[in-house]
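First comes one chain, alone, set out as structure tokens in the form predicted alone.
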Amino acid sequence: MRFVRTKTLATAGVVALSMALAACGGDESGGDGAEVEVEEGDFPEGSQMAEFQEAGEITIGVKFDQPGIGFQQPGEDTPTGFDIEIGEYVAGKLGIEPENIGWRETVSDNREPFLENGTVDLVIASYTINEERRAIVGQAGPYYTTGQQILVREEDAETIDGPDKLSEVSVCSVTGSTSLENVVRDYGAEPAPFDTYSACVRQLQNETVDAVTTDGAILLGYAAQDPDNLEVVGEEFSEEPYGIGYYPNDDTEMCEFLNETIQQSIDDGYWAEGFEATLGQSGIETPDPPEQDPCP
């Protein structure tokens, strides 16, 4: 993604951010996305947004092992993926240059602790919104909605073709994810938790587990990396709305800023361009963007 700095005034405490669409790249983990103007706005005094703008830097927790969503190529300094595109857009609205965005690898099990203890300022890490999490941290959005599916070895695609075939089947997903809870509770799967989805995929390839489950968008990225051996099966059987995590959860100004930022990215065409450059590279059609939940 390329950034251009400008200066503008905000209304109602929110920066007006414009975007010029640019051609996306073609590497396997996503594209270069679109051009974003880094803008300086007039935020409410004492707000987190004003503090980030004054500091000129921000730390965002993202995944490093999810192709198309948040993926760190060996030897590269900056991860790529749709979550990264959203994070860079948010940072641009705060007047933060790209080199001053700190990307911190954040796995499913430490997203709330990282926000609570200040390790990261925001979490944009395939972070499904639910009330249990919202009791601890804030979650703005959603900025994208997907659904849970199943990844299997191609040789098992006919016998494990949906969630109703998971009874007593060894299924891997990450510790702390809603996906593993769903298949154990609703379908009788035998849980095989690991810290990362990439570890789960390796277990599947090594025939240590029989299936991997999480959001379909994530699984399609892995299947695209090993199309001769891995296959995503069945229809989506849950709804997973991705939100932006912030702290504390009663910071209404932050929630409203993030929701308005998401909506701005949709309205100006950036959202679709970023999707096509990342998740769209795995063959997913660009969906209709979601409506944001009301702020508390």
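When you see a residue number, it is the position in the sequence shown, counting from 1. All values reported here derive from a predicted model rather than from experimental measurement.
Keep in mind the form predicted together with a small molecule is missing from the figure; the text below concerns it.
Site annotation in the model of the complex: the residue of Leu151, Cys200, Val120, Ile218 reaching within 4.5 Å of the small molecule with a heavy atom is Ile218. Note on contacts: among Thr178, Ser170, Asn100, Gln205, the single residue with a heavy atom within 4.5 Å of the small molecule in the model of the complex is Thr178.
With the small molecule omitted here, the record of contacts in the model of the complex names 126 to 134 of 160 to 168, 183 to 191, 89 to 97, 126 to 134, defined by a heavy atom within 4.5 Å.
Contact check for Thr145: no non-hydrogen atom falls within 4.5 Å of the small molecule in the model of the complex. The small molecule is not drawn, but in the model of the complex it has a heavy atom within 4.5 Å of Thr214. Proximity of Ser265 to the small molecule in the model of the complex falls outside the 4.5 Å heavy atom cutoff. Taking the partner from the other structure, the small molecule in the model of the complex has a heavy atom within 4.5 Å of a heavy atom of Glu240.
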